[in-house]
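Taken one at a time, structure 1 and structure 2 that follow are two forms of one protein chain, written as structure tokens.
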Structure 1
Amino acid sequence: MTALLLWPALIIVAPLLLGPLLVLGHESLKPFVGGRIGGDDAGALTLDNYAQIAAPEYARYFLDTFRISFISAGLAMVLGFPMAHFIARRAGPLMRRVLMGGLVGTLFLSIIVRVYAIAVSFGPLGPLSGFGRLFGIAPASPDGAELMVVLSLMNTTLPLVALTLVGTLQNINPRLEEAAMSLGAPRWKTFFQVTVAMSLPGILSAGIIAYAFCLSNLVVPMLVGRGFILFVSNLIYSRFSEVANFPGGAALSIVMMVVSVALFYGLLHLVRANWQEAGK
């Protein structure tokens, strides 16, 4: 019965997902002729657009995208788990409603508003401009731009991470933690070996959501990267909208999608292998 209910969604969604991807893949194989919009339909299909991406100068953009996204998602996880733990375990009913309302409320704020709020607060002229100097980073430097991107991505992903982990922690029976402590386990050991260990599936889900959101982000590096930090999504946007090089933008999109999917399954396999090994 469930499979039957799934068919209407598959019939509608599959063409919407696969159709544009096939068109994008075909566009990426067309030759690009300067001065025209899109690929040359009369030309023979070619892999030149992919060969251009293999040039060393593109590696920097891919590395920056994956590195900064990993740092931002990691910081969101580090800050989001204690927040979710407090909401699920420590906060009273009123405080829980206030905090949950605050987290959900931030999701209704435009990402542009939140990014500019970070830029105004932590930027070179902001009241918190000294924050970067704590780490030896000048606000107007390339490192300062990277710090702005990290803070902005963390700001946008933290509510998603915290809300995901609140649900995970609420599904763990607190009596298991009480039982561990009643048997003599210290609080810190109970926290890591019971609470955190049983939250691993939720932590993995929240991490993947945050990382995927950061990887695909266009607005944050465009607004606060100040030209020093450009993600692959910014290059794709530039190819399509500024130079009308549709084949080049399509090839970048396909490569980014393949690398992201391979990374996702690689991380998933690594985590599951270590998790199963630890559970033996």
Structure 2
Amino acid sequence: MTALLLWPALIIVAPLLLGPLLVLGHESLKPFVGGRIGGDDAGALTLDNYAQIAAPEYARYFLDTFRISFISAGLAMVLGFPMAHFIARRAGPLMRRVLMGGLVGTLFLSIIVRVYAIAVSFGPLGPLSGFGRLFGIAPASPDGAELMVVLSLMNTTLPLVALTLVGTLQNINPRLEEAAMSLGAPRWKTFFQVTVAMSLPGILSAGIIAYAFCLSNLVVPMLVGRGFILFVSNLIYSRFSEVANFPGGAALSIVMMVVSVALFYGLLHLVRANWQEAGK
């Protein structure tokens, strides 16, 4: 019976997952000949496409992707945790329903709509254009583009982070916080030394999910990076759409996949190894 139920997934999903990954691996080893679409089938297999990625100028794109995603996910955590705490601990039934509806709504709202909304609000003519100037960032500069990418990534990650953390906080006994305060601990100390400390595994898991989500984003840098900010996803897309260098794009894809999967499961494993209850 069990095996019978599993077969549809193995017949339908497994080929759709394994097929593309295997052909990517194969394609990445083909020599690239300029002017044609796809690798040269007649040529001998080569590691040239990977050697090209190892060149130092590519390091910049990887570093930009990691750095900007880290900042965005980090800021989303800073804003998301208090919000999640508010929903889990303070909001009454109606408030909770409204806020949860808002979060799920933002999560469901098309990413393009949200990036567009950020672009028109924080853009040069938008009502919030002064925000960048607070930090001395001119809208037309590369830093301005980076700020827009960070704000857009944050905006798209926030509901995901907050919802995950609501789940975490709900599984921590609120009596512990009450106990700390009734013993005379100030609110801030209770918050950091009891609530935050107890939810650390959940915070780290949520952070890793948010980070992975930012790392693989294609739309945000494409729409608001203005060519100054390119993520690895954008490089892969341009290999496909602009130069038709399929072997090069395939090699980049394989590297990106290995890095993302290793980072995701590696970090998650680290968290789980140190805190048993993490990731539940």
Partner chain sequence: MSDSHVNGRLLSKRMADALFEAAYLSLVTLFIAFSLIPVLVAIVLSFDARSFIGPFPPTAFSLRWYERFLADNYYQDGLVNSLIIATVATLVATVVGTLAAIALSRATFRGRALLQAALLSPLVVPNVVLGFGMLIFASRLGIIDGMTRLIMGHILITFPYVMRTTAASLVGIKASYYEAALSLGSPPWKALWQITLPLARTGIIAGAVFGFVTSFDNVGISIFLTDAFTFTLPVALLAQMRANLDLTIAALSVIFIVATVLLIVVLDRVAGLDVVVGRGVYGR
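Counting starts at 1 with the first residue of structure 1 and goes up one by one along its sequence. Please read these numbers as outputs of a predicted model, since none were measured by experiment. Each form is matched to the other, and the largest set of C-alpha atoms that superpose within 1.5 Å is called the rigid core.
Annotation: structure 2 represents the form predicted in complex with its partner chain, while structure 1 represents the other form.
Once the rigid core is overlaid between structure 1 and structure 2, residue 182 counts among the residues whose Cα shifts by 2 Å or more.
After superposing on the rigid core, the C-alpha of residue 14 is displaced by 4.2 Å between structure 1 and structure 2. In the core-superposed comparison between structure 1 and structure 2, the CA atom of residue 267 travels 3.9 Å.
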